[in-house]
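Heads up, the chain below is alone and in the form predicted on its own; it's given as structure tokens.
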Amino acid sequence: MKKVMMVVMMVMVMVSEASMIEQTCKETPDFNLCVSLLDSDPRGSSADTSGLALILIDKIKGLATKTLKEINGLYKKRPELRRALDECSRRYKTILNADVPEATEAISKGVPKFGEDGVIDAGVEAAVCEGEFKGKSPLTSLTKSMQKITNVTRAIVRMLL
């Protein structure tokens, strides 16, 4: 009987954890992306709303790091894009060195308005980078991903206001 009760309790905990992510993600502009990002992180199953926001800020950091590596690789492949790549490099370094730390610290300290500012800035930096190419950008896919992730993250951060 104890085993049955233990299994029932574990299932109930798992359902409530999943429903926290799902309930939170329903309030974002991209439910599927939100659930996918949060389910892919082991911290998601036990996180509160602040924790979910921090997980997504980590996803922003990861994507910014990936994009910066892509930019560095493009210098050799596409030297004619050097000027745009220089600007994008600066923008993505700003995401990593200013926006992500600002958002992380603000959420961690319970000051979500400043967290929202950092998340918004990350999306703006990505958009400005994209605009530097004046046409076909080799970073469009990564830029669109950044904008989608920052929109989802912002929606969750706003829940904390």
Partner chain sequence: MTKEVCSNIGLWLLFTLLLSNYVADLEASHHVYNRLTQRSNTKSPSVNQPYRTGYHFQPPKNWMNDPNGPMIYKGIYHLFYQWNPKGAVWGNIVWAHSTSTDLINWDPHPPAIFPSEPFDINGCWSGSVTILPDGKPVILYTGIDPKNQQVQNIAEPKDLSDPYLVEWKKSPLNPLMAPDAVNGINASSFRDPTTAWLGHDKKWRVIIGSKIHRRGLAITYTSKDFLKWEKSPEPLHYDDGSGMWECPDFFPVTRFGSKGVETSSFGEPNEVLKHVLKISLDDTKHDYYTVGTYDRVGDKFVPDKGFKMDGTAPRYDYGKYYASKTFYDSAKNRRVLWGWTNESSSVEDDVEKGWSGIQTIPRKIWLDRSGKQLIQWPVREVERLRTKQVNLRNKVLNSRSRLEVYGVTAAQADVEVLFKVRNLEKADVMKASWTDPQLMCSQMNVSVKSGLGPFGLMVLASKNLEEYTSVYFRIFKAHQNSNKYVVLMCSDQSRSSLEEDNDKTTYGAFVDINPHQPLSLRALIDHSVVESFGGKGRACITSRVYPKLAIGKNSHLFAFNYGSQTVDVLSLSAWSMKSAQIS
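Numbering follows the first chain given and starts at 1. Bear in mind that the values here come from a model prediction, so they are computed numbers and not experimental data.
We do not show the form predicted together with its partner chain, though everything after this point is about it.
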* Asked: Is Lys66 a contact residue for its partner chain in the model of the complex, using a 4.5 Å heavy atom cut-off?
  -> no
* Any non-hydrogen atom of Ser36 within 4.5 angstroms of its partner chain in the model of the complex -> no
* Asked: Quick one: is Arg90 in contact with its partner chain in the model of the complex, heavy atoms, 4.5 Å cut-off?
  -> yes
* Does at least one non-hydrogen atom of Asp41 fall within 4.5 angstroms of its partner chain in the model of the complex? -> no
* Asked: If you look in the model of the complex, which residues in 92-118 sit within 4.5 Å of its partner chain (heavy atoms)?
  -> Thr94, Asn97, Ala98, Asp99, Glu102, Glu105, Ala106, Ser108, Lys109, Gly110, Val111, Pro112, Lys113, Phe114, Glu116, Asp117
